[in-house]
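Shown here is one chain on its own, the form predicted on its own, set out as structure tokens.
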């Protein structure tokens, strides 16, 4: 029997035959929904070895290491109540935790509230750059729902749609998308002035296809204005929710896009890196979830014209949905993404 976990983190015992069955089922689910090729028999055997390894922590062979990017690094410390300033937190990531890249972020981690404090955030970025070496990004969530009433000025489509006000709901979403685009442009310009190495738009399209549209337009304009800016786009889910349903970018409908097409759209807009996401099903086993995530992400990496850094963490990338993800699953998921998925980073 092999000790593994469910998608909610619960420890379970499974036979190798049961693990093989779950892996095959996870591959079939991803291949059918994402219209992507299944993992090969060699891939399945390799994944079996990783999942069934009796060690608690599993890692890659030398030479298979991947570069790591992070979301909201400072918040990981401040949420623990540690009274450390953000520049010093990032120095800790660099000098103690050996981070490959750094990310500055405001505590709310959303684009809309950051626009009110851009000068203060510029100072924090500039101070951090004086004492660190790795690439420093500035990260925000687009979080388009913040632009709706009562937090924002625009009507809420989720209230208009049940009332049968379809046209008004569609128009409200596009108004929000325009406001989001403008805020992302202001953020990009401010952070370039401060010296940041780029932006990380994290949890992109959580607000649906109109949010993705606003982000893609902002990326396209930032790329034209700042040809050397690094723009990392981490997605929110494995497919784009069609809250609007009719939004198109460069002639392609955004609703329903899975990781491979998401990466292609990010590249078309001018993004440098796409963070593919596959959501964890808490009712299924870790073997099922990692096989499914791996199938989507391997295909995305194969067809994407830009590097793909899969999101592997709390509730995504095959990892159980827990506030502190279990290292046995995180290490196995990371190893599988590197050695089987052949991704460019995590």
Partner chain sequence: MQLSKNMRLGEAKKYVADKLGVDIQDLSDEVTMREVREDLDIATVFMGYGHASRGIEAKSNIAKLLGIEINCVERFKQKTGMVLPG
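This one's a predicted model, so the numbers in the text were calculated from it and none came from an experiment. Positions refer to the first chain, counted from 1.
The next section is about a form of this same protein that is not shown, the form predicted together with its partner chain.
Enquirer: With its partner chain left out of view, choose which of 176, 215, 105, 196 has a non-hydrogen atom within 4.5 angstroms of it in the predicted bound form.
Expert: The residue in contact is 196.
Enquirer: Check each of 82, 166, 130, 117 and return the one that places a heavy atom within 4.5 angstroms of its partner chain in the predicted bound form.
Expert: If I apply the 4.5 Å criterion carefully, the residue I get is 130.
Enquirer: Against its partner chain in the predicted bound form, would residue 344 count as a contact residue? Criterion: heavy atoms within 4.5 Å.
Expert: Yes, residue 344 is a contact residue.
Enquirer: Can you work out whether residue 192 and its partner chain are in contact in the predicted bound form, taking contact to mean some heavy atom pair no more than 4.5 Å apart?
Expert: The answer is yes: residue 192 has a heavy atom within 4.5 Å of its partner chain.
Enquirer: Could you tell me if residue 65 has a non-hydrogen atom within 4.5 Å of its partner chain in the predicted bound form?
Expert: Residue-level check for residue 65: yes, a contact with its partner chain.
Enquirer: Please tell me whether any heavy atom belonging to residue 306 falls inside 4.5 Å of a heavy atom of its partner chain, as the geometry stands in the predicted bound form.
Expert: Residue-level check for residue 306: yes, a contact with its partner chain.
Enquirer: At 4.5 Å between heavy atoms, only one of the stretches 298-306, 315-323, 38-46, 25-33 reaches its partner chain in the predicted bound form; which one is it?
Expert: One stretch meets the cut-off, namely 298-306.
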